[in-house]
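Okay, so here's just one chain, in structure tokens, the form predicted alone.
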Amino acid sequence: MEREADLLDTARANVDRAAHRLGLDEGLLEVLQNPEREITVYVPLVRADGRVTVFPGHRVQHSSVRGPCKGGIRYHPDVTLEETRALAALMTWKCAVVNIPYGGGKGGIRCDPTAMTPWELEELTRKFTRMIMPVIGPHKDIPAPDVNTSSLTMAWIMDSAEEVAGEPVPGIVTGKPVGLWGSLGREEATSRGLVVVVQELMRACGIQPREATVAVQGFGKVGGIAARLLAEAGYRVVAVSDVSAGIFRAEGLDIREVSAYVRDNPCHLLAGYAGVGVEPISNQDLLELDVTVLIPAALEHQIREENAGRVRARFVVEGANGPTTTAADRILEGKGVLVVPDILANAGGVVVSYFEWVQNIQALFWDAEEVNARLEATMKRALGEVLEAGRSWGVDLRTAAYMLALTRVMEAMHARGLLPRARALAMMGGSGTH
């Protein structure tokens, strides 16, 4: 599909740009752009009505030089190997930029979970797990929830893996239920990490919460929680939207009330919400509001060449993966809009997944306050390093984040002896500078 090709092209373009600034040669770039391993399986399932359906599934391991591969598993009708490959690469750069000891992986099954029974989804998950068992494991490749998968899905994967292994392997997945070795704080981690980034940016720019306005596109697991946390911190969230509707109130929305409405709505959507002074707004109009912070937390490529010139936000903090195209990036840069890229802004989820994995290995668990404090410290450090890299290299934050990530992956490759000489590090002016 065009959407998938665009995502892969955008991911590759970001790496190309960073590699060019670092002076990497074509051979090294080819290594960085391609995955280590891809597996495709075809999962047969006897449906509840007796029909047999075969579902294609994928697991891509992009890089393991900095540690086990890490990345979610999604269930969606549009899952393809090409999309999975792009998302696996993004996970490599995301883990490297926040400096946790993981590489990137991603998986998915092409299916429509809305047309399947709970029993069918469980059977599909268990069969898929058994088929990819040779390539996953606590020290090889660690899946997590993603689109249309959940903590329950991870419990099925863990249980199926333990049946095969004949022993407990809680570290084989993260994002598990808390009662099955999951971590406190995991459900809100991506949103909390994003909010830390927003708060640190505002603090660095001398902007008080009460002075900042925020618009959030996507009122789901990431955007909805981020909007609530920002409102609780004193920010004025003036607009939110989802696939069903968008709402705007210049004085600020009552996010607690909006969240309660979505929670109690049978479809869990914004459609039909009518608060005092609230006006309807389209997704496109939301992206073009005159606000301090715009958080695109819905689908990829929402800010494109044709609408980037109308974006009036001072900061764009990417909650979704790939919400801004390469062409739009250049336009926003020219307008002076500071964009915090997805591989940094939405990395809170994988950071706390790492914490869950550490707790599983130690069999020693932390309370929510410790998890959140460690997440905050990690995100602050990562943002500071990317800001410093941007100043040092004289580039925008997306390019800085990718340059920093590539540098760390290259350093690991060199330390392992996977590069014949220190040529790549010499091109970057030495190792360990960022």
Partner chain sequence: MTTQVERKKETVQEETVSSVRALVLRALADCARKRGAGDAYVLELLRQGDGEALGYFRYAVAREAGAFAAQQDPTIQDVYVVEAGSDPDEQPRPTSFLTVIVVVREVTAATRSLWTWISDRVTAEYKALLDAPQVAQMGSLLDVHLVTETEVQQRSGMAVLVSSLYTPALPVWQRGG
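Residue numbers count along the first chain shown, from 1. Heads up, when I say rigid core I mean the largest set of C-alphas that superpose within 1.5 Å between the two forms. All figures in this text were calculated on a predicted structure; none of them were measured in a lab.
The same protein has a further form, the form predicted together with the partner chain, not shown here; the description that follows concerns it.
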{"item": "Contact flag, A271 vs the partner chain in the model of the complex, heavy atom cut 4.5 Å", "value": "no"}
{"item": "The partner chain contact in the model of the complex: I361, any heavy atom under 4.5 Å", "value": "no"}
{"item": "Close approach of P170 to the partner chain in the model of the complex, 4.5 Å, heavy atom", "value": "no"}
{"item": "Partner proximity in the model of the complex: R85 to the partner chain, non-hydrogen atom cutoff 4.5 Å", "value": "no"}
{"item": "Contact residue in the model of the complex, chosen from N321, T80, S259, S160 - any heavy atom within 4.5 Å of the partner chain", "value": "N321"}
{"item": "Proximity to the partner chain in the model of the complex, single hit among P209, G137, P113, G252 (heavy atom within 4.5 Å)", "value": "P113"}
{"item": "Every residue of P118, K221 and L299 near the partner chain in the model of the complex, heavy atom within 4.5 Å", "value": "yes"}
{"item": "Option from 196-204, 308-316, 183-191, 288-296 whose residues, in the model of the complex, bring a heavy atom within 4.5 Å of the partner chain", "value": "183-191"}
{"item": "Residues within stretch 236-273 having a non-hydrogen atom within 4.5 Å of the partner chain in the model of the complex", "value": "V243, P266, C267, H268, L269"}
{"item": "Rigid core fit then A89 CA moved by 2 Å or more between this form and the one not shown", "value": "no"}
{"item": "Residue shift check between this form and the one not shown, rigid core fit, P101 Cα at least 2 Å", "value": "no"}
{"item": "C-alpha of G166 moved at least 2 Å between this form and the one not shown on rigid core", "value": "no"}
